[in-house]
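One chain follows as C-alpha cells, the form predicted alone.
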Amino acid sequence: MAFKVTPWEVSGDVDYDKLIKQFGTERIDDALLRRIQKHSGRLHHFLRRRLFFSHRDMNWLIDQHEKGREWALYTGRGPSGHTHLGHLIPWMFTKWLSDTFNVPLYFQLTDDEKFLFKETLSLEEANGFAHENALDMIALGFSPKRLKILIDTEHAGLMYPEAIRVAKKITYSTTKAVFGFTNDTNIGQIFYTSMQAVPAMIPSILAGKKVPVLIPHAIDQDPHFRVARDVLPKIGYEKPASIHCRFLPALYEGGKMSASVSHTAIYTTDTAKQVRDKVNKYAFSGGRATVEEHRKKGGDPDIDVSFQYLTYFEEDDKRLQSIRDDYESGKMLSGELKAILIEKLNRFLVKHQEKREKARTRLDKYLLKA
C-alpha cells in the first residue's frame, strides 16, 4: 500500500526504510546507541526498541557534548486540537534527554501554523489549544528552569525579527520543491517554515554565543528542519541536529494517530471509559477469527495495535516479551491483550490528568521571558 508523509498529512502503512532514503536521514545504528549509552548510563526504551530510528548529525552533537559545550533541546506542537498519545511520544523522550543530560528545552506551540493551514480553525481557537497543549507538556514533570514554552503569536516580538532573517534566505522555488506549494497556497503558509526555524536559534541568541541544538520529533516534520539546516549556517548559526521517532499508529485506519479523527486517537483528556471503549471497539487485532483457531495458531503481535501501543508504554522489556510470547503462542487472547493495554493507559492517564490540572495555575512560570 502506498504511503504519504508530509508535515500536514500521514497516510498508509509507512515504510520507514524507504522514508530514510526518501528524506536522506541516517539510521540509528548500534555504534550510535553505544555512544549515547556511554553518557546516559541506560538507554531509553524508545531507543532500545528502535522507536526512535533515524537522525541527522547525532554524532556531531555527541562530539560537542564530549567537548563540554552547553547544548539545548527544541521540539513543539501544532495546536489544532487536544493532545493525544501520539503527541506525547517525542515529548516523553525529550523529557528523558533533558533530565539525563541536564539541558533546557524550548517548546514551540505554532498556533499561527494551524490557523494558516486549517481552513475551519480560527486563530482564537488555535491559541486556546496552544494553552491546553502546554499543560500536557508541563504535566510530564518538567521544571520551569528547564522547560521554556514559546507560543508563536504571543512571542512574536522575539521570534519575528529572527524569522525574517531566515525568510530572506528561502526562495519560493525552495518551498515549492520541499513542501509542494502551488499558486493557490496562501502566502502565510509559504512564510511559516521560517517561524519553525527560530527556536533552533533562540538558545544562541539568549546565550550570546553559538549553542548546539537537538530536535527530537516525529519524522513528518523533517522537511521544515531540512530547510532550517540549510539556512541557519548562512545567517551565523550551526545546523541543528535531529532525532526522529516512528508514529504511534491510529487505532485502526493506518497511518499515524490523528487529532482530527477522534475515533482513531486516544486523548490525554479522555476518561477511563472512553479509553476502554475506543480500544475495545477500534483497536485493530492481530488475533484469529475464532478462539479455537487462536489457541492453535496464536496471534500476530506485529500487526496488533494493542501490542504496538505497549511497545511505547510498557517500559519493562521482560514484561513486554512475556506478553508477546503468550500472544504468539495462543495462550493470551486478543481481548486479554486489550485489557492489559487499557489498564496500562488508564493508569498513566489518571496521574497525567491530575498533573495537567495542577499545571493550569503554573503555566505562566513556563512561558519564555525574554
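Note that residue numbering begins at 1 and tracks the sequence as displayed. Not measured: the values here are computed from a predicted model.
Not on display, but discussed next: the form predicted together with a small molecule.
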{"item": "In the model of the complex, the one of E238, D136, D220, E162 near the small molecule [non-hydrogen atom within 4.5 angstroms]", "value": "D220"}
{"item": "Contact residue in the model of the complex, chosen from F115, W91, W71, F142 - any heavy atom within 4.5 Å of the small molecule", "value": "W91"}
{"item": "Residues P301, L337 and A339 all lining the small molecule in the model of the complex, heavy atom within 4.5 Å", "value": "no"}
{"item": "Listed range touching the small molecule, judged in the model of the complex by heavy atoms within 4.5 Å, from 280-288, 182-190, 123-131, 104-112", "value": "104-112"}
{"item": "The small molecule contact in the model of the complex: T268, any heavy atom under 4.5 Å", "value": "no"}
{"item": "Close approach of T75 to the small molecule in the model of the complex, 4.5 Å, heavy atom", "value": "yes"}
{"item": "Partner proximity in the model of the complex: C245 to the small molecule, non-hydrogen atom cutoff 4.5 Å", "value": "yes"}
{"item": "Any non-hydrogen atom of P216 within 4.5 angstroms of the small molecule in the model of the complex", "value": "yes"}
